[in-house]
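Only one chain comes next, encoded as structure tokens, the form predicted alone.
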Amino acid sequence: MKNKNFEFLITGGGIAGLMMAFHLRKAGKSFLVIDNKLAQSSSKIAAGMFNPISGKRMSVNWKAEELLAQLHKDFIEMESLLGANYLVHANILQAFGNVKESNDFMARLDFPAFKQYVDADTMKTCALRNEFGIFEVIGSGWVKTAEWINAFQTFLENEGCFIQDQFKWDEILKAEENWQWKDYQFENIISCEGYQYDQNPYFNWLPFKLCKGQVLLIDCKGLNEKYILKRGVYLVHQYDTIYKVGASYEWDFEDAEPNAAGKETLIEKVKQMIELPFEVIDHLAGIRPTTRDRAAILGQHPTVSNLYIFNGLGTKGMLQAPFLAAHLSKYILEKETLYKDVDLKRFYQFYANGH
């Protein structure tokens, strides 16, 4: 007889939901993940890059050292659990787009926190157009995101703690201290629904800023597969001579589907990036759940004590998810204080204004 009573329900089985499941499992807690296994989810089409340096301003990511340490620790355990390798170490070779970027980079070398992650004197040769110079980001890489998600979902399904279904909030009941969905009972819910947060009546007041991203898969011979190449967009090796290109940033969009304009924009960016011929073999799109301050959202609902959220990972999902899932797990299970940068409480005024 299948277990129908769990300590936690996790709504959403993307990067956030699965990392949350991983840490609850390590803590010996019972849980059920519900996800519809969409092939085109933003988690699955993402390149899964982790990069301690972010943006045009080339700033060191928040808690970069801790984020990278937790990522590596969790995937060593994950790979042992699932019997396959998903984490790929690949430094980024990044070309400057103009003289200003080069000058800004040189100025940042005065800061030890930045300098530890870069090699300004790299002598690597690659196909990047680099008339303004190039540098190497140390400690970066990527995770085979879609493969890992599919494998871990299947693993959890075999353990009886994952269901493929279209979760709907109007099907859930709150009975005294517990939640009920169909004939399942839960003590707590952790909402990890990504850009579909607006379907959740408990968290649809949050000020998310959704961003559509389109990516290409290209066949390109002559690239060095050991490195991630970046100039405006990235090129990440997938298999054989196939590379993922992306991603676009679209703040105004009608739907989550790939379109001709996005495809042409990415093709032009690749032409500006490398001098080698290439062929487009696939075109994908997804919607990222970003926030107005570009930081994730973790914490407890303002008035419902056994309801939590883990969302807003944006473009840094794979880098942040392991550390933040561990952090939220300790908050829920051990009453550890959340970091203010990611605490849901920073948006409580939106709840107060709407209620």
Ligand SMILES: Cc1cc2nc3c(=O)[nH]c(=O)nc-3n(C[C@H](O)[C@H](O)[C@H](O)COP(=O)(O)OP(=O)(O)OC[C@H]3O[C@@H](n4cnc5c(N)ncnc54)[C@H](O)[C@@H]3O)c2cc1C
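All residue numbers refer to positions in the sequence shown, first residue = 1. Computed from a predicted model, the values in this text were never measured in an experiment.
From this point on, the text means the form predicted in complex with this ligand, which you will not see here.
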Q. Is there any non-hydrogen atom of residue 119 lying within 4.5 Å of this ligand in the predicted complex?
A. no
Q) Could you tell me if residue 327 has a non-hydrogen atom within 4.5 Å of this ligand in the predicted complex? A) no
Q: Give a yes/no on whether residue 287 approaches this ligand to within 4.5 Å in the predicted complex, heavy atoms considered.
A: yes
(Q) Is it the case that residue 165, even though its partner is missing from this view, gets within 4.5 Å of this ligand in the predicted complex, heavy atoms only? (A) yes
Q | Contact residue in the predicted complex, chosen from 93, 218, 247, 235 - any heavy atom within 4.5 Å of this ligand | A | 247
**Q.** Contact segment among 24-32, 62-70, 299-307, 47-55, judged by heavy atoms lying within 4.5 Å of this ligand in the predicted complex
**A.** 47-55
(Q) With the partner left out here, which residues of 313-336 have a non-hydrogen atom within 4.5 Å of this ligand in the predicted complex? (A) 313, 314, 315, 316, 317, 318, 319
